[in-house]
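Shown here is one chain on its own, the form predicted on its own, set out as structure tokens.
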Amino acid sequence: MPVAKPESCDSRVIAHIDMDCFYVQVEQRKQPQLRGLPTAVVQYNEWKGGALIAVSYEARKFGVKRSMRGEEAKEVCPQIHLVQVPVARGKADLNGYRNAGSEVVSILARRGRCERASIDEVYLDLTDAAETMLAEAPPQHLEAIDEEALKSHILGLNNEDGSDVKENVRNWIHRCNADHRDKLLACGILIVAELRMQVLKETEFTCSAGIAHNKMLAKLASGMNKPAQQTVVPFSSVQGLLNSLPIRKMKQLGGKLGMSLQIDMGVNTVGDLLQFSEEKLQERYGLNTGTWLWNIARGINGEAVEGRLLPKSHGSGKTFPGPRALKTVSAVQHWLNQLCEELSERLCSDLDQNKRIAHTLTLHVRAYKSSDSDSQKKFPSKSCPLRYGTAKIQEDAFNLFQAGLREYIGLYGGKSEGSHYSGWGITSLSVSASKIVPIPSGTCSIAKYFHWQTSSHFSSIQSPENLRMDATHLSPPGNESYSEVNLPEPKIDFSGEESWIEDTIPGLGLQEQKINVWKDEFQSRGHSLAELNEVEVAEENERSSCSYIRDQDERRREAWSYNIDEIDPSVIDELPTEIQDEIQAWLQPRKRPNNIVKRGSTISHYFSPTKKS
């Protein structure tokens, strides 16, 4: 749990923007005739009309819920319109929704530090914008206040005496004797209302918002009044909000920790935590978690808005519930290939649009073993350095699965029956790419980026048997032999959540391994040979004008050398077409009648160590 114990008199202004039935809104923008009508977006699986993943507020009035399937929804609301989510590679394609969410983020980021939390929710730190407004155009001096701002719900504001609600909000914003925190929140009300209207104007999407002094309270408030409304939590109203809030409604308390608080401590609301001292909570749940519980009971949360417009990771996953569980290695490989293809597409798009590159590939699997006494044992997650290129990601993901399956079965009682293995099933697969960082810019940075660093390099983790295995040669589903899984185990250390693979490919010569390593590194960085040619020209000019030329022979002796005729054509064939043309034109002139390559003048020269270790 994050530990934060800042001063309780927090003067930040944080907003949580939550899109209203976002998937439905995206589909209604594509089909305007659906606006105002009961509508739901359903999964591609047609069983019983498909699972509902988003329900419009018009449909909710008839009792339609997300837990229903299409047929159930039609029984409750016969006039409902069911729109199927787009499908690609046998699974839901959410790219349209992601892109629509990016439209909203680009608008919200105009006024403050913006953190994209998911496809349809964003945190905004509006403290600087509020402070600027307070200094230049304080709300208490404004004669006209936008109608949308006057519709705000301010917790603790007494509207039960029959007075005009909007007039009460106006008076609250205009207060001259309010403390600094409330004045900042008043500025936040005006800024968020303006942003929400701008989102509606530019995207046709409505959104709701929570405005408070920290992320925790802002998120709680954003869902209190929907759709297309905003809720404000002044500091004086924090305890009133939390005292009656069910403990399981609080973020991170919906699982085992929340259940323990209810059963072991008798805590049913967040306010119930106030009866325990910080020391008591630490004694029961540990130092960090105990302090975190003590803080949230008082509305304290020091978590900062990270200022992130782009996702921290990319992922693609699919579930296989009940009878659809995957029970053969070939079936798993088929779906891994589909998931990796989508992941590769998103990684390439991120690289092209945002100049970012990911470094870690992770596989998560949920599985069961029907014959195992410890059937709840988790399938181990596996990670390795990420290599760009669909085929490479597919290859590495499949090897991670094989390693995890060996551990899952081998350590916990898997048995084979003849040549066929039965008793395990895969109910969920997901692949993700993380540790995403911007790529350096400029030729100097490029040269540095390709410098050899042993800890960051790797080659294929497959054994020779795996390298020869092809998906088209696997047994058909239902006839998978366990021997196809239990291949000779490559020398891989998969200890821990993010194991790093450092072996070279068995059976390949040293020069071929070096070429493959260069190929992987070159492709993964996304740079063109034109950029590297600039480095070549710069270095040649430098050598011609300084004393480097005197020890050129020594440099040549340290550079890698290889015979061009011995290079596997697949090294070049797997590169993008435009780079293939460049590299072919570059390498062909180097060939000589005696098949000798001039040392120090090939691409390997720029990826060789320049210093002796």
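Since the model is a prediction, treat every value here as computed from it, not as a measurement. The first residue of the sequence shown is number 1, and the count goes up from there.
The same protein also exists as the form predicted in complex with the DNA; that form is not shown, yet it is the one meant from here on.
Novice: When the DNA is placed as it is in the model of the complex, which of 230-238, 362-370, 148-156, 276-284 ends up with heavy atoms within 4.5 Å of it?
Specialist: Correct option: 362-370.
Novice: Answer yes if any heavy atom of Y57 is within 4.5 Å of a heavy atom of the DNA in the model of the complex; otherwise answer no.
Specialist: Y57: no, not in contact with the DNA in the model of the complex.
Novice: Is K382 close enough to the DNA in the model of the complex to count, meaning some heavy atom within 4.5 Å?
Specialist: So K382 counts as contacting the DNA.
Novice: My question is simply whether A92 lines the interface with the DNA in the model of the complex - judged by any non-hydrogen atom within 4.5 Å.
Specialist: Yes.
Novice: Does K312 reach the DNA in the model of the complex, with heavy atoms at most 4.5 Å apart?
Specialist: Residue-level check for K312: yes, a contact with the DNA.
Novice: Counting any non-hydrogen atom inside 4.5 Å, which residue from D182, D125, D120, E395 sits next to the DNA in the model of the complex?
Specialist: None of the others qualify; the residue that does is D120.
Novice: Could you spot which one of M250, A193, A331, V305 gets a heavy atom to within 4.5 Å of the DNA in the model of the complex?
Specialist: Looking at the other structure, the residue within range turns out to be M250.
Novice: Heavy atom within 4.5 Å of the DNA in the model of the complex: which residues of 256-285 qualify?
Specialist: Contacts from 256-285: K256, L257.
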